[in-house]
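Only one chain comes next, encoded as structure tokens, the form predicted alone.
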Amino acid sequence: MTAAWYEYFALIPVQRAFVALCISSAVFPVVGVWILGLNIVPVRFAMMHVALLGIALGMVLGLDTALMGVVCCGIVGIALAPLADKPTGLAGPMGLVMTLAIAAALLVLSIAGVNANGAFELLWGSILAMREQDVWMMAGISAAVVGVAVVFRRDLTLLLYDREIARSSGVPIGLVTTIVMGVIALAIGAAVRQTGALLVDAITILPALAARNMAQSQRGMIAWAVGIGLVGNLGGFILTLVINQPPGPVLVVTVSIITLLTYLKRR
């Protein structure tokens, strides 16, 4: 006899996955709002490939692969931040980083004679395969996101509204951008372990896109993004238990449907 969907919550991996999803869905949509506001949507693609490089290095050096992926994302994100103030922006550099990171990852694995399948499997992610240390790492990064949002609330409001107005208002553009880019990169690196690189938008960009259609202020956009992230992802997680399908695709489809409905409201 097939177990009822709620009976799966007796399993430790399901409990761990649900806790991790509650944390990320409540916080990472804020990162999505920052990404849209700074107009750096391609950053997530660059960080996905950097995460793969970190995973490859972790496999070769015998270190924690998820942690190495997050660390590499953080370093590269901070390194890219000064380029945000250049006239050409970040699109070109992020394209270079994306290409270079994937090439470097494959080269590292080839030289070390390591089977690349394990690295690429982590890119697909599996929320049910999350370990306790992964949940704690995600909680720590989420706390950093909240901390940045609170401490730099005024500066971020001005920066996301208009870079030049923020500069003329005395906002330390370089410092704030560096901190925000670092936190964004860390969040994406952590989300790769949870949903996989190709599905990370479910807890970052998609809730923010939906919120932009619903809100009339930046504060409202953050509130809507968090609400949609929680409802969409937690609802999708329960749905995946009900229909017994892979969590990642179900989460993305659920949040995508909500996002599409908000475009109808906008029209």
Partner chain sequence: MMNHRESDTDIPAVLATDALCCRYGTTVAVRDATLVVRAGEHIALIGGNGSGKTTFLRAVMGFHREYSGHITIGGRTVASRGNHPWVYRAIAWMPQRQATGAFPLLVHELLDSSLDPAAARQSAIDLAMEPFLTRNLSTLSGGQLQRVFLSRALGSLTGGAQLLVADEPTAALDFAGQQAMARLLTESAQTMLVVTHDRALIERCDRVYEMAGGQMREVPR
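Positions refer to the first chain, counted from 1. As the structure is a prediction and not an experimental result, all values here were calculated from the model.
There is also a form predicted in complex with the partner chain; it is not shown, and the following applies to it.
K.L.:
So, Ile40 and the partner chain: in the predicted complex, are they within 4.5 Å at any heavy atom pair?
P.N.:
Taking the distances in the predicted complex, the answer for Ile40 is no, it never comes within 4.5 Å of the partner chain.
K.L.:
At 4.5 Å between heavy atoms, is Glu132 in contact with the partner chain in the predicted complex?
P.N.:
No, Glu132 is distant from the partner.
K.L.:
Verify the contact flag for His49: yes if a non-hydrogen atom of it lies within 4.5 Å of a non-hydrogen atom of the partner chain in the predicted complex, no if not.
P.N.:
Judged by the heavy-atom cut-off of 4.5 Å, His49 is well away from the partner chain in the predicted complex.
K.L.:
Is Ala66 close enough to the partner chain in the predicted complex to count, meaning some heavy atom within 4.5 Å?
P.N.:
Flag for Ala66 set to no.
K.L.:
Do heavy atoms from each of Asp162, Ile165 and Ser168 fall within 4.5 Å of the partner chain in the predicted complex?
P.N.:
Spot residues vs the partner chain: full contact, yes.
K.L.:
Quick check on this chain: which one of Leu57, Val226, Leu241, Leu36 has a heavy atom within 4.5 Å of the partner chain in the predicted complex?
P.N.:
Spelling it out, the residue with a heavy atom inside the cut-off is Leu36.
K.L.:
Thinking of the partner chain in the predicted complex, which stretch from 214-222, 66-74, 41-49, 227-235 has heavy atoms inside 4.5 Å of it?
P.N.:
That would be 214-222.
K.L.:
Which residues within 51-79 place at least one heavy atom within 4.5 Å of the partner chain in the predicted complex?
P.N.:
Residues within 4.5 Å: none.
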